[in-house]
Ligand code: GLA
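Only one chain comes next, encoded as structure tokens, the form predicted alone.
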């Protein structure tokens, strides 16, 4: 039973009748451009096969009645426009937030029954929260009988839901990648004006996602602190955002060592995104591999969001891939997933190298996911 079938069946078992429809939103993996979206930078994510499904049916009541099939059929029922954020933040916070933020933008469903299920490992760094928000937004729009929301509108509502209802001061990358991305393409996003460009990956390249076995969380303060560091650096340099800063300005500014390192990463990472797009368009996989490796080193040493288990996994992948590609951590950091780009013909040997040479912190073999 696939995800859509499982969600459809879960809805029927919960509410006693089949849903009218099932909405879906993918997760995303970020090829490069980490921690630069909230600095108005450039990012290069792509949607993945795993995602979130929301089975829906309109309801005459001015309420949402939802079941989370992956959380022991936990329920949440609330009146749209009246509900408060759930504390501590969990799936109900994102659900209530998306309903509230959609309503604020004039897309208010009269009420709906929802069944929610997903195939993205939680805490994997593949944006299960943004996937949930966008899938809920699509389901509520369908339940209201209104046309599908433009990707930009869905993304902004999802971002607001995460910020205002779950306490994660996130950028816009995840939501835009999920709402506007096309499978098989990376999506170049200018996070200042939300313009996008589809970047086609060569057909003989493969993108592999590998779980580190370290579940991460963003609401424990690390993410928000990194964002604050960047804002302090931008203010000291005298720019609106680090997108506008140069390496020379970073070095000349009066900054503490930690804040300077945060700014160094952001400025260099934005430059790496442009270089990565050029490498993809030129079908230069060795060049892209070098860019991915430099990104990981910067995230590890300057932005300090990697952890030893992730570093070990990246080293194992880079050794197995060799010069024809590369790997780096992906997502907010402190665990989660690693992304690798390689020749399609090298997949089997890379998988074998991981199986023989790397173990997760619990001693098991790593979980590999195709993008």
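Residue numbers count along the first chain shown, from 1. Since the structure is predicted, the reported quantities are computational estimates derived from the model, not experimental observations.
This next part talks about the form predicted in complex with this ligand, which is not shown.
Only one of 277, 245, 172, 208 lies close to this ligand in the predicted bound form, with a heavy atom inside 4.5 Å, and it is 172. For the three residues 10, 24 and 56, a heavy atom within 4.5 Å of this ligand turns up in the predicted bound form in no case.
Across the options 325-333, 66-74, 340-348, 311-319, residues that bring heavy atoms within 4.5 Å of this ligand in the predicted bound form belong to 325-333. Using a 4.5 angstroms limit between non-hydrogen atoms, residue 47 is distant from this ligand in the predicted bound form. Contact check for residue 41: no non-hydrogen atom falls within 4.5 Å of this ligand in the predicted bound form. When contacts are judged by a 4.5 Å heavy atom cut-off, residue 223 counts as touching this ligand in the predicted bound form.
The closest heavy atom approach of residue 33 to this ligand in the predicted bound form falls within 4.5 Å.
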